[in-house]
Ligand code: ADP
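Presented as structure tokens, the chain that follows is alone, the form predicted on its own.
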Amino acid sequence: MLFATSEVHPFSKTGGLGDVSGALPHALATLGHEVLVVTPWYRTLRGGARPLWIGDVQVPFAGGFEAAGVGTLESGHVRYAFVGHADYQRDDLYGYSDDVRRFARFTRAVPQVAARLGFRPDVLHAHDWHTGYLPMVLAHGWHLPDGFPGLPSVFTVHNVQYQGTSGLAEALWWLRLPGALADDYMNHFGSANAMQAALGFAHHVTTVSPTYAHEVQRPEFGYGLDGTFRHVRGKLSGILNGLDTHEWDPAADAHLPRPFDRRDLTGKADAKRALTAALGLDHERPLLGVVSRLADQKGIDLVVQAGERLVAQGWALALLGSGDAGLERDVRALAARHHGSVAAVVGFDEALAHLIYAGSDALAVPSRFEPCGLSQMIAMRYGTLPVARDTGGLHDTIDHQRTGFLFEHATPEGLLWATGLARAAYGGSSWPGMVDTAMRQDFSWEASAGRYAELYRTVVASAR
């Protein structure tokens, strides 16, 4: 099994893609599969990683060949290969005007790197637009190593909002592909689109939750590719992401004052006391947490707009996140207006995130769309009931008024309706049972990895 991904935890990560690329290979290795993960060799690799440099490969790119370095290391029965090039020696992983070119080069390097390591896979699994051209390269690319032309491929959509668009001629030039492909799947209304190319050329396409697989076929969720998703729906399915239950385990979480489990919630009460003391919040109020990117997708503006009314409902709010500058200002202003009832920490603080998940009574997840989402799974594992929009993976993981609270409309009023239900239930006879049921949910990667393994077998068999 060959994985191609632009980020992988613990070495590089900006979001859920890194989490999945880190956890799924380990789960597959546990099932007995041999896995190689190929990813860029960024200037700074997290976790103190020091890959062993083994030499260069010649990568077909932009009308010729270019050298790229190869580094490798092994961890937890998974082998990792890092593609070295000046393109990846920057301050951030993404956000540059030449991102499509950067990851076109990475795409072309993946088969060469795997071959350099003597790894000949049965199937390739590519993730998001950064590797979207790989299925097309395997189908039509020149200068591929033995075993790679026609290699079966699976492509996973983590977020269709980001698609990797560029000019048609330049994309074909970078990738060294036949000009006739300009009239094929990569062409999205006259522009090259890496995401759409993957949808067309991959043997199977998955999304990171079953509901998201249906949603992307609708205009309001498909970001211009809904028609393509409908066209390929015969090879489209959704497999829910899992959760790293070792990292997120209240019974063994070093960030908490005291570990706890569903049989003894004393440690959860201690976490709330520590959290409210640290943030200067009223300990007697039920605590509504938010741990999120501050972005339009995540619906944090709904929390801001509903802020005064949430306080009036009786909630204290603890917000942690960063992102959009306007939303950062808004959450700070909300906290300033409601000292003692609202606290906002702008930035990333891993220890505080763990404390909010554990010490809150409920967690707000008001996403406008959510391909899968991990925060609601983490919250339930820590006995914190999610109050979430009824969309994507939130719909697939939360049982309304059994393990959390769902609302339909992405409006402040929709959010307030659900927080009102939660506030009415808090302290009542049903709340302990909901907390216990939420903590019993199994979101480990084992089941999802099994479904992926079965999909790989099906794809390989059908390709043969």
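Numbering starts at 1 and follows the sequence shown. Quick caveat, the model's predicted, so the values are computed rather than measured.
There is another form of this protein, the form predicted together with this ligand, and it is not shown here; the text below is about that form.
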| property | result |
| --- | --- |
| 4.5 Å heavy atom contact, residue 298 and this ligand in the model of the complex | yes |
| This ligand contact at residue 123 in the model of the complex, heavy atom, 4.5 Å | no |
| Contact test in the model of the complex: residue 15 vs this ligand, heavy atoms, 4.5 Å | yes |
| Residue 185: touches this ligand in the model of the complex, heavy atom cutoff 4.5 angstroms | no |
| Which of 143-151, 109-117, 365-373, 84-92 lines the interface with this ligand in the model of the complex (heavy atom within 4.5 Å) | 365-373 |
| Listed residue (284, 170, 349, 264) with a non-hydrogen atom within 4.5 angstroms of this ligand in the model of the complex | 349 |
| Selected contact from 276, 228, 206, 292, since only one has a non-hydrogen atom within 4.5 angstroms of this ligand in the model of the complex | 292 |
